[in-house]
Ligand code: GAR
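As a starting point, one isolated chain is supplied in structure tokens, in the form predicted alone.
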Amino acid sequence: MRAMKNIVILISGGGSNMAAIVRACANEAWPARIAAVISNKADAGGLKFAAEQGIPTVVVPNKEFASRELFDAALREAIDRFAPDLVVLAGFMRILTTPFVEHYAGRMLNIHPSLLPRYPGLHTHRQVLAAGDAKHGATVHIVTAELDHGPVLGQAEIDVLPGDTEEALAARLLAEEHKLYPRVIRSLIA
């Protein structure tokens, strides 16, 4: 029998992608378990959902650390207690240091709301609308030291509709993210 893979998910907010991953892991009987959900914000809504599912939760508040390096060291310690095979960033709104990223090289994933390599960074929906693009989407990629530039593992695409607003695009894309992210993770651990 294959050993169960440990997945640690990092969030900063509501955790809707995290919840989609947790549900898919349970419903599809992945050979994995969500070992922990860790947040840099004590009031992250996703922590309540995780706790209700019986998943250990940890808060490492970035504001309590004098530097990014000290925060990353504390975060790494918290993550490594759960011996992760995969570290999954799901709306984790922190830029991570190169040594942190290198510690999890090849096993840390992120989902980004654009069709990378287009529009790394913030405000992707606004950029798509400003450029007049016909298509928008989301990308799951391996995290590397260069922000939103790691190898692409999967993408989901949506049409940009006449009259779309940033909010409308974001909501429609999020529904696709909830399918894409679990699908990519499942393929990695299968």
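So that there is no doubt, residue numbering starts at 1 and follows the sequence shown. Since the model is a prediction, treat every value here as computed from it, not as a measurement.
Another form, the form predicted together with the ligand, is not on view; read the next lines as being about it.
- Note on the interface: of 67-75, 80-88, 95-103, 109-117, the segment with non-hydrogen atoms within 4.5 angstroms of the ligand in the model of the complex is 109-117.
- Contact check for residue 174: a heavy atom falls within 4.5 Å of the ligand in the model of the complex.
- In the model of the complex, the ligand sits within 4.5 Å of a heavy atom of residue 15.
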